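Only one chain is given next, in structure tokens, and it is the form predicted alone.
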């Protein structure tokens, strides 16, 4: 005879833990959270360089992609930044503001955040089981049967919080997508890595500058030349290519555009706030100044030399000796240089997933499935991904809370223990 519970939460990452503890607090009866990973919360532990960027001080629907802004806003409003800060402070986790709004625990330890979530879940009566991998979920007249290597579990309601495909070694291997599909949901196409570094060809001059960071504007352009997206921020040069906040934020846009148009290009303006006409005007005023000297006033020395190399300009040439061809080449390099991106570093290095179950297939007030009664979905399994800076965690806290509380309200009669 199968064991029975009122609510089964499949996936005990950020969204799953929040959903489980909120369901427990809301009187959801018996709540069991299941996770296939041997070590609980691995993704939380490695986030933010091991510090966990819990949220951002200002979060709006404009910080996310995937679903429509009004739909995302409706979910975010149910558990906002103030609610997140209050929740963690009540659990003994004080947060501090850093770097233009990022909120981290004052302990500088991601483990502090995970411990607080686990303790809150246990205090709410949630049973945490791991490793416990769910491979199939079958609807029944009274709810669902969850099955996997560890056995069978009957549940009146299920919260699917299995995550996406990013960092599969933590347990986010995409298996939840197939479970959602088996229960009647569709998936967006394609599903791709997001917040992921990008690769340049081996031996490209920029790869010799590993460790250098510079403020830039990155722009995704279609093969037709149409400008699709632009992102401003820091770009970090690495031995494999490109990383840093601006690159991570633009990565999803380049990957998705390139999937449908192989002519898609990524361009960089090395002088934010400038464009080709303004850079050209500046170069015309150099007079007897060496171009290299002017470049070194604006860039790290090694980067200045490589940019001149890429432009094919003699670093010793004076401004008044620049030929029209050389000036145009340098202007193009500095204001709209095309980066020969080969692709991303893949799922192993992606912080989140772009794509998933369309948010329109849920009821936004509860994140209850529109196609499978008794099922709720939250977190990264849904087609919502945010930019870097704590936004994806805020989506986890908000969507997890919405699903957990709603599942508790919607449960039928208590299951026997």
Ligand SMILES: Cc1cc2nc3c(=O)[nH]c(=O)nc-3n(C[C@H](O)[C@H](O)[C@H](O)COP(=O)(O)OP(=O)(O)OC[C@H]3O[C@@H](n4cnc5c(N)ncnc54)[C@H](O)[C@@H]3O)c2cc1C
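What you are looking at is a predicted structure, and each value in this text was computed from that prediction instead of being measured. Residue numbers count along the first chain shown, from 1.
Only in words, not in the display: the form predicted together with the ligand, which the text now covers.
The partner is absent here; in the predicted complex, the one residue of 116, 175, 198, 307 having a heavy atom within 4.5 Å of the ligand is 175. None of 21, 10, 398, 406 but one reaches within 4.5 angstroms of the ligand in the predicted complex through a heavy atom, and that residue is 10. In the predicted complex, the ligand sits beyond 4.5 Å of every heavy atom of residue 66. Though the partner is left out of this view, residue 171 does reach within 4.5 Å of the ligand in the predicted complex, counting heavy atoms only.
At least one heavy atom of residue 351 is located within 4.5 Å of the ligand in the predicted complex.
Although the partner is absent from this view, residue 34 contacts the ligand in the predicted complex, with a non-hydrogen atom inside 4.5 angstroms.
Heavy atoms within 4.5 Å of the ligand in the predicted complex are found in one stretch of 260-268, 319-327, 157-165, 80-88, which is 157-165. Residues are counted as partner-facing when one of their heavy atoms sits within 4.5 Å of the ligand in the predicted complex; in 129-148 these are 132, 133, 134, in sequence order.
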